[in-house]
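Encoded as structure tokens, the following chain is the form predicted on its own, with no partner shown.
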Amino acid sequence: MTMPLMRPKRKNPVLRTPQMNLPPGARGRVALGMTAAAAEGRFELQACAECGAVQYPPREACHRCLSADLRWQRQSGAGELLSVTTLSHSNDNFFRERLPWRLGLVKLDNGPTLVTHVHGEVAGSGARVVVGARLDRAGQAVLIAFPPEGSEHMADDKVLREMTSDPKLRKVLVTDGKSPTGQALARALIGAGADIVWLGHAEPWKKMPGFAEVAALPQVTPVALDLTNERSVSELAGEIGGKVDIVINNAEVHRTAGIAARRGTDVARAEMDVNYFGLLRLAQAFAPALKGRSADGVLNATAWVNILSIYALANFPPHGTFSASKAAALSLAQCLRAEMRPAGVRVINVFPGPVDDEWNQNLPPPKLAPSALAAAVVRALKDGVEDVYPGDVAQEWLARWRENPKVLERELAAGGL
């Protein structure tokens, strides 16, 4: 049984801050298919379309019939642990600082034998396990053998903590605490065990419903933050930037307008100023501190979360300029992910469908409740994924976009959703 994670002793300021050494990250192009699936929380292996063989490690051709027609298929992960060993020495800098470390061989029920990391609650050779895929600190897929039924604190296992961004005991900045989504995020993070939640708020003269109640919670500290003001962002970074473990950027401006429906560019500029340039200002101010603390003990800086929109994948004309601003933010977030990866900080992009708020009130159900969106964000942090599509609309939209982006564009132009 995993022992619950306890708050570490206060850091001695004289001691050095450890720097991140990433685990080995070299992968061939074929193996990146497993990484792409793990980034969305799925464990997939290659299956041959000709003979049905499931294989590991990934290859260019089927190991049984040499067919090149290989498809990535989701796996249950059920299998048996054939053997397990505990590393007490390693020449790799990443593992040297994290010894001892358990590795094992698992034979899946559907055939392949895998090399996996082994969760601490797995007893030993002969045990039944469930293999899952996670992203390591280098952003590459690795396999972990889990017990079929875990304990209450299994997420505190040190192997799993290295592969996820669990908010337990961590300090989190939520950039917009006045919105229903921001308030739901604060409550969800506190429920997940967050130590401190800083709630950003701009325009203090605006008294938004629910903000005072959330701000009064003992774990919450309201902070002034205006993403349109570079000085506001920089001052907050100077005050708390060295303490933040997780940044969640949910601040946005959302207006219902296309191109010809409104004169001038003021609304589009406001959307870009927060949705795109706000993310840029925030990243320039907070990212260096997160990168510097990414190996700083069990409560290291660990993740950056961007609340985007499913409209970032394909423009939804009734919300055209908002869609364009989120598409720009997605491109910037991909750049941020590439820059944060060498430090082992995970960038999570969340693509919700229509949220049940004032700007989507004329859209028909189903719509995503702010509490459901917040729960999806916390789950993404705990599971260590990179891309999340919460809500029925987002899931359907994603499937249509992957099938044929041009068909989706035509359907949206014709008034579909």
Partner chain sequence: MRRRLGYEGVAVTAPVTVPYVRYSTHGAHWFIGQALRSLVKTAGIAKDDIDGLTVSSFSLVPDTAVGVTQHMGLSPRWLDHIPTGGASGVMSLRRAARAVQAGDADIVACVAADTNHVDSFRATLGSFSDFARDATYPYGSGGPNSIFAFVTANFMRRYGATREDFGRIAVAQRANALKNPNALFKKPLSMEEYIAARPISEPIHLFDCVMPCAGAEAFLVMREERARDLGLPYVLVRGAIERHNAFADDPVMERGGWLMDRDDLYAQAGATPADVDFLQPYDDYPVIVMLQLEDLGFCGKGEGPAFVRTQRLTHDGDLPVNTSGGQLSAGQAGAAGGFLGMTEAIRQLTGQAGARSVPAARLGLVSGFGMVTFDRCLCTGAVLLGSPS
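As the structure is a prediction and not an experimental result, all values here were calculated from the model. Numbering follows the first chain given and starts at 1.
Although it is not shown, the form predicted in complex with the partner chain is what the next lines describe.
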Hey, in the model of the complex, is residue 259 touching the partner chain, heavy atoms inside 4.5 Å? no
Under a 4.5 Å heavy atom criterion, is residue 31 part of the interface with the partner chain in the model of the complex? yes
Does the partner chain get within 4.5 angstroms of any non-hydrogen atom of residue 41 in the model of the complex? no
Is residue 79 near the partner chain? Define near as a heavy atom within 4.5 Å, in the model of the complex. no
For the partner chain in the model of the complex, the stretch among 298 to 306, 102 to 110, 234 to 242, 270 to 278 with residues bearing a heavy atom within 4.5 Å is 102 to 110
Single option in 324, 196, 154, 87 placed near the partner chain in the model of the complex, where near means a heavy atom within 4.5 Å: 87
Considering non-hydrogen atoms and a 4.5 Å limit, which listed residue (310, 143, 184, 333) is close to the partner chain in the model of the complex? 143
